[in-house]
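Next up is one chain by itself, shown in structure tokens, the form predicted alone.
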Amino acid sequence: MERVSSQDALKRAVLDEGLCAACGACVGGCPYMTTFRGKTVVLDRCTVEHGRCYRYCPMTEFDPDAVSALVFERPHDTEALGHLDRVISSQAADPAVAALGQGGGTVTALMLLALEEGIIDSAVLTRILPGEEYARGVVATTTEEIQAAAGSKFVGSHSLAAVRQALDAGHRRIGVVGLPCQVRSLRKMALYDLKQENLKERIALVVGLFCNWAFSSRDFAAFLAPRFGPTSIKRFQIPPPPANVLEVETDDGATRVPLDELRPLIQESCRTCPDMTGEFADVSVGMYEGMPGWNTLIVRTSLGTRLIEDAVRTGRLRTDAFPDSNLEHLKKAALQKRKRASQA
């Protein structure tokens, strides 16, 4: 009887079922799997029985208590937002940085500070490179490279493949910005560490992005190309409800596309994902409904607390209280996503 490999199991449970989140964990450094036009592709059969592709995938078995013990040193908090120290509002104090990012530019400001202070020596971010059609992971080591990756992409981008690039390049303190599925994968990497690379220490900072869904990169590109041209788009924005549109900004101005036209492009994996706010990140960042130019910021770990305090002390970040009414709305939205996932 032929032995079942990790790749066989991944293909059967995830790829063949259309549940790939396009996180990128399985394709980083693997000679048997790659990406092609925004999709995960198997090039050849791998016979490794206990491989990283299956173990690190966010769509395979996930033990929230084990991951929570790793990150927070306590069992998983099953409340709507997971373990947290506080929820506040924030924005980059530098108007130029704020203008680059989604909402208040908080993520960009934090990654710039983390690099400057040596908390990280590199950042794995998501970027659409000039002349390219699909977003992908990049390893940023300079202020300019971090700023160039600012802004939301709204797609599964395989950006965790760049974690392997950062590790192979010898970086010891890697910061990663990722969607909730990618945060889960990063924590599974640190928990299992199949190559014994000291990933718990080397993945030094994890910033989670709020996410209800992401588009299939291939389908999204195919939708946009005849309407805008793949290289003419400068940024995307989704205004708070009740707008229900995607704003596509080009050199000619902004165009509003109804989200109802785009919903068929949402990845199937998003329908089974229970995590809206990146529960296992050091800090999580999202939009602040009703307050343009500001973000919602969830501070979760002691490292996250230190980073936010340093950002405020050095004048990189402005923070303010987060209203109870907004917090209740956020909790309700997170619980709704968890409920939808359980019913999928």
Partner chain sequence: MSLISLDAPGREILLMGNEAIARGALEAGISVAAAYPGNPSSEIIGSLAEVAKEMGLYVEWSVNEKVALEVAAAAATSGLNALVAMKQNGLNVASDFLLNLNMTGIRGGLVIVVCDDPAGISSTNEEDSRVFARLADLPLLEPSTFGEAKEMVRFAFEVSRAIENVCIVRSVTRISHARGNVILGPLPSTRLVPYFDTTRSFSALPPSITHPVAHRRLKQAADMLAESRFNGYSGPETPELLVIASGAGVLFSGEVIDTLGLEARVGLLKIGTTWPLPEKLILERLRTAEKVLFAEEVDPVLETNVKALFADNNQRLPRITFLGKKSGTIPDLGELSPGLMTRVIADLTGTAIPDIDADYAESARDALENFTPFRSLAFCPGCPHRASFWAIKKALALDGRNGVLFGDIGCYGLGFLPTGFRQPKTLHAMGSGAGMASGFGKLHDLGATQPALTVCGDSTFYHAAIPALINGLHHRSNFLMILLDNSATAMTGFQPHPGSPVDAMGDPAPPVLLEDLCAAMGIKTLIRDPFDLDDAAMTIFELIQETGTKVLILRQECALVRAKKTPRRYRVHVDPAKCIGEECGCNRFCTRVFRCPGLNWDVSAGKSVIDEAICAGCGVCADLCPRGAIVKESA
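Only a predicted model underlies this, so the values are computations on that prediction, with no experimental measurement involved. Residue numbers count along the first chain shown, from 1.
Separately, the form predicted in complex with the partner chain exists; it is not shown, and the next lines address it.
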{"property": "Heavy atom distance at most 4.5 Å to the partner chain in the predicted bound form, all of 29, 32 and 48", "result": "yes"}
{"property": "Which of 64-72, 306-314, 39-47, 291-299 sits within 4.5 Å of the partner chain in the predicted bound form, heavy atom basis", "result": "39-47"}
{"property": "Contact residue in the predicted bound form, from 83, 218, 202, 127 (heavy atom within 4.5 Å of the partner chain)", "result": "218"}
{"property": "Candidate from 117, 193, 268, 168 lying within 4.5 Å of the partner chain in the predicted bound form - any heavy atom", "result": "168"}
{"property": "Close approach of residue 55 to the partner chain in the predicted bound form, 4.5 Å, heavy atom", "result": "no"}
